[in-house]
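One chain comes next, on its own, written out as structure tokens in the form predicted on its own.
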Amino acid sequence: MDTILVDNAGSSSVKFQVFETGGPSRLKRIIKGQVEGIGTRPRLKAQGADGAVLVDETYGPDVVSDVPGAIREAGAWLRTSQKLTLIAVGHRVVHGGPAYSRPTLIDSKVVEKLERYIPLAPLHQPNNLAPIQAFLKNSPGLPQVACFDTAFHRGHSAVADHYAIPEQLYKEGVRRYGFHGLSYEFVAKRMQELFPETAKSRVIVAHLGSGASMCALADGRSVESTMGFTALDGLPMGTRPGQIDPGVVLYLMSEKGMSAEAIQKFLYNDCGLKGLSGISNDMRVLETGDEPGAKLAIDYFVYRISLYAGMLAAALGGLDAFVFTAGIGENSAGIRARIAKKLGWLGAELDANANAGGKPVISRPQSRLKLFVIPTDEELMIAEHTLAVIAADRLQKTGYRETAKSGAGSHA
């Protein structure tokens, strides 16, 4: 069977899914897995479309010490046990910079450009590129497609795209990109399928997980986002602070003597829910705790979401719907209820029973602001883009050959 492999590589895990292709636009998920605990307690787990466990294997930390090692072991298992015929690999790449506004077929020149954006996403970009480089080395003839978290937001207006800094820096790429674009793109598409009339209106989507952001959609298009130049901005996250006065960074340098490298590590790893609570970056842990720090972290998280909802509603000129997605948004009825209460001034009326039951619509029928829960699926979005890109590439090559043949015949 022809299949597409989708990978999403993080700092301590590599998630992967395999989709069977059943035609130009039909995809069926057949395998979902991950290698977690890289470098500490590596474990390869995967299940089939029916939920059956296909593999659950642990390794020594020296065997799977890094992302390339995880890719090697997962790839070996797929080759030997699943007998797949890969026609392409799709990759999530967090930062596409100013150069890439759509999914792109990968070669060494593309990788070279993407390496320039590592300082803009130091937690994500190197790990996103590691599997790409591994496939280029070991399977150079296999088509690979990069799908960017920034691409969905590239249609923003100049006003939304700029910082109030000299224009030369903007031309160099210092601008507001926005992230979680693959998630927002999927949710916008799903909205069109499930709630077509609402999808045409003014919608805020809240991607609430370990990484968190919000996006304002007008007729399904991104017009504003809480994230900017890097994935540090906007909402508080598991270990990242979200919006912070640049003066704090200057203070850390001048008064605490911290280097740029130390500050980067601090902002990406020691702040957010983890820093506020002093306990954990996991919302599930915080919701079950009764420590003052846990309460403060949750209160802050909800408060900042409500503040940004007002900002995004202003960007849209009003608000018709609010959508919860990603790990916290999809699974925490308690957080959804608290946010909905904060959105009461915008007309939100929560249906407590629907919310507790995880229904797609969690607002009351009379609610002026409609509330939805729509699970995201970034991997399916990547698979769809990958299939489209390789199909277009094949068509272009075939068309070129046919044109060349036709041209040769006419000259004869």
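Just so we're clear, the structure is a prediction, and the values are computed from it rather than from any experiment. Each residue number is its position in the shown sequence, starting from 1.
The same protein also has a form predicted together with a small molecule, omitted here; what follows describes it.
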Identify, from the list 328, 298, 188, 120, the residue with a heavy atom within 4.5 Å of the small molecule in the predicted bound form. 328
Quick one: of 287, 115, 291, 270, which gets a non-hydrogen atom within 4.5 angstroms of the small molecule in the predicted bound form? 287
4.5 angstroms heavy atom contact with the small molecule in the predicted bound form for residue 143: no
Is residue 210 one of the residues lying within 4.5 Å of the small molecule in the predicted bound form, judged by heavy atom distances? yes
Answer for residue 283 alone: is it within 4.5 Å of the small molecule in the predicted bound form, judged on heavy atom distances? yes
Answer yes if any heavy atom of residue 306 is within 4.5 Å of a heavy atom of the small molecule in the predicted bound form; otherwise answer no. no
Looking at 330-338, 169-177, 82-90, 198-206, which stretch has residues with any non-hydrogen atom within 4.5 Å of the small molecule in the predicted bound form? 330-338
